[in-house]
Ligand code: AMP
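Given next, in structure tokens, is a single chain: the form predicted alone.
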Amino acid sequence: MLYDLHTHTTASDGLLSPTELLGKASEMRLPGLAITDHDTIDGLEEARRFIAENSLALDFVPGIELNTELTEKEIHILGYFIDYHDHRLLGRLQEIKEARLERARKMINRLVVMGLNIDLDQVKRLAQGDLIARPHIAQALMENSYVFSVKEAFDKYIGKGRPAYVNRYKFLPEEAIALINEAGGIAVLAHPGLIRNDSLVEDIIALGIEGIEVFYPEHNHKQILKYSAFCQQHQLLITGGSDFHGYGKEEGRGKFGSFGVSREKMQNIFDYQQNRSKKQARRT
């Protein structure tokens, strides 16, 4: 059984609530998982509470996935074992939430000018939470029968270079890494195969990343071997996860629990975090 270290809930763009996801993990007898919602920690307290109230026998890793950009390429940084009460982290996430909302307003306005009648309240309802992402706008377009799929919405209207696309807020990988580290967490490069530029992966390693998501639904065997070698060469942690968003969801990536790391590799991650926590305690 694998530790699935990349999952999403209704706190960002997943279909299951933190409680539902943990219930499913318990049913499947997963040894552990990380909740890594995009740019938000809003689901983590609910998850902690549910585990405590139900005495679930699984290892829970509080996490996040920060969406950054480098040389016009989207780079996702996973953070594990974060202190989700850290004031600097919470402050930056609030700024990102407001920037996402403003971006959504601009994209919706462009769609309305094009004759596609959707509104912010509809998108907020579909988001189910405070954090709005492009998939929620795509869902609104589907709900109003302007497109048949999320992919079509991105390809026609809201993907990069499409007529309703609005540039993201500026957030660099090095800032995300520092933010995660300052909140006591481990910074990991998510799905490097999707970057499609190993030179850029090397640049991100040089920024101080501590691990690479080697095991991922869209990584083939050759990529798994290559990124495992990167980890060995640079003494980085090996992680993995399904990037699960929900059953039947187009961009759901992999089936829940089908990708992750073994107990042995997870123990390496636990040991790394414990040793670093001890070093931080000695410094303070």
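Numbers for residues come from their place in the sequence shown, where the first is 1. Keep in mind the model is a prediction, meaning the values are calculated, not measured.
Keep in mind the form predicted in complex with the ligand is missing from the figure; the text below concerns it.
S.K.: Of 148-156, 171-179, 80-88, 118-126, which is the one stretch near the ligand in the model of the complex, taking non-hydrogen atoms within 4.5 angstroms as near?
M.R.: Heavy atoms within 4.5 Å of the ligand in the model of the complex occur in 148-156.
S.K.: Using the partner position in the model of the complex, report whether Leu200 sits within 4.5 Å of the ligand, counting heavy atoms only.
M.R.: Leu200: no, not in contact with the ligand in the model of the complex.
S.K.: Under a 4.5 Å heavy atom criterion, is Arg110 part of the interface with the ligand in the model of the complex?
M.R.: Answer no; every heavy atom of Arg110 is more than 4.5 Å from the ligand in the model of the complex.
S.K.: Would Arg103 show up as a contact with the ligand in the model of the complex if we use heavy atoms at 4.5 Å?
M.R.: The answer is yes: Arg103 has a heavy atom within 4.5 Å of the ligand.
S.K.: Using a 4.5 angstroms cut-off on non-hydrogen atoms, would His219 count as touching the ligand in the model of the complex?
M.R.: Outside the cut-off, so no.
S.K.: Using a 4.5 Å cut on heavy atoms, which of Ile96, Met142, Ala133, Leu194 is close to the ligand in the model of the complex?
M.R.: Looking at Ile96, Met142, Ala133, Leu194 one by one, just Ala133 meets the 4.5 Å heavy-atom criterion.
S.K.: Of Ser258, Ser26, Asn67, Ser228, which residue is found within 4.5 angstroms of the ligand in the model of the complex when only non-hydrogen atoms are counted?
M.R.: Looking at the other structure, the residue within range turns out to be Asn67.
S.K.: Can you tell me which residues in 12-40 come within 4.5 angstroms of the ligand in the model of the complex, by heavy atoms?
M.R.: Those in contact are Asp13, His38.
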